[in-house]
Structures are given as structure tokens and as C-alpha cells.
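Take a look at this single chain in C-alpha cells; it is the form predicted alone.
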């Protein structure tokens, strides 16, 4: 990475501090107001320069679409709706990042996944909750896992896992177990649930 100018470093520090305080990046207008720029366009030009030097990534079409490229890994990405067939951690799936916190067991968390649907309500996981996912924690029977079946990503309890059969159980009596034959269907256990975060609205 190339070195930042003094002004660029001020902007990067502002972004980091804003994320720590609020959980999301500032807008261009926030940056302009805080640092005394005449317009948000001036902030945009500095952000583009910082992006070229590899410190951030700017997402098009979002007023707060700034992602830190952290070498010290102190931000956890929040994954929204995963595009069919694409990798979970693809840039377009990342809604925002959450600062890593010592009281969240967050060293184990590789990413948060936003829950869709009501298939896990009987274990207290509701739509729009964020589950903390560890890619390295072992996938034991009884664990809540993030599984990719063909192109679809789902959160279920792992009940059976063998070469011929995998059973994933929804924790809602209105839904049937999902039985997968790994020799026919493509099945990848993306990680295990190690934390649950409910955002206040």
C-alpha cells in the first residue's frame, strides 16, 4: 500500500472512528462537514485517492458504501442476501461491517449472516437477526450451520452427516427436514453459528 497524505489519513481515521461509534461508515456529507470541505465532491475525490492506495473499497450507489480493507482485521463483515452460486463473502453481498468487540467472542467470528425467513424461530433465531459464523469451528452433529445446497444458502441444525446422507433440520415444526445426498447434490458447510446479534431498530 502507498502512504497516505496527511489529509487522507485524517479521512481514514474519521471513517474508522465513525464505524466504531455508530457501526457504519460516514456519508460524503458527514466527511465534508467534519473536515471543513466546501462540498461532498471534495470528500469523494479524497476517498477515490484513498481507494487507489488500497485502504478502502467504495461500493457504487450507496451513500455509506465504504468498506475498510483492514490488515488488522478489526471489522466483521455483515452478509445480506447471498447471490445464487456466488461466494458468501463476495463484495456485493457485504451490507456493512461491525467493529470486532472483545465481549462478542468475536475472534471466532468470520462474518455475520443476516437471517431470512422463520425456519429457526424455535431456537430463538428470527428474520433479520445476525448470526456470527465461524468457518473454522468444527461442524458437529447438533450444531447450527450455514450450508450451501447447490446454489442456495440456508441456516439449519446439522442432524446427520455421512458420505451418503446429510440431514439439515429447520427449528420450526411447520417445516420438513432437508435431506441431501452429497454424491448427487453439491453441499458445502460454510460454517457454524457461534453468536447471535439482534440489532435494535
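Positions refer to the first chain, counted from 1. The term rigid core refers to the most C-alpha atoms you can superpose between the two forms while keeping them within 1.5 Å. Please read these numbers as outputs of a predicted model, since none were measured by experiment.
Heads up, the form predicted in complex with the DNA isn't pictured, but that's what we're talking about next.
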Check for me whether the DNA, as it appears in the model of the complex, comes within 4.5 angstroms of all of 126, 134 and 144 - heavy atoms only. no
Report the residue, out of 139, 156, 64, 148, that has at least one non-hydrogen atom within 4.5 angstroms of the DNA in the model of the complex. 64
Does any heavy atom of residue 27 come within 4.5 Å of a heavy atom of the DNA in the model of the complex? yes
Does any heavy atom of residue 60 come within 4.5 Å of a heavy atom of the DNA in the model of the complex? yes
4.5 Å heavy atom contact, residue 171 to the DNA in the model of the complex: no
Do residue 69 and the DNA share at least one heavy atom pair within 4.5 Å in the model of the complex? no
Is any part of 148-174 within 4.5 angstroms of the DNA in the model of the complex by a non-hydrogen atom, and which residues would that be? none
Is residue 132 one of the residues whose C-alpha moves 2 Å or more between the shown form and the other one after the core fit? no
Return yes or no for residue 193: a CA shift of at least 2 Å between the shown form and the other one, with the rigid core superposed? no
With the core lined up, does the C-alpha of residue 9 move 2 Å or more between the shown form and the other one? yes
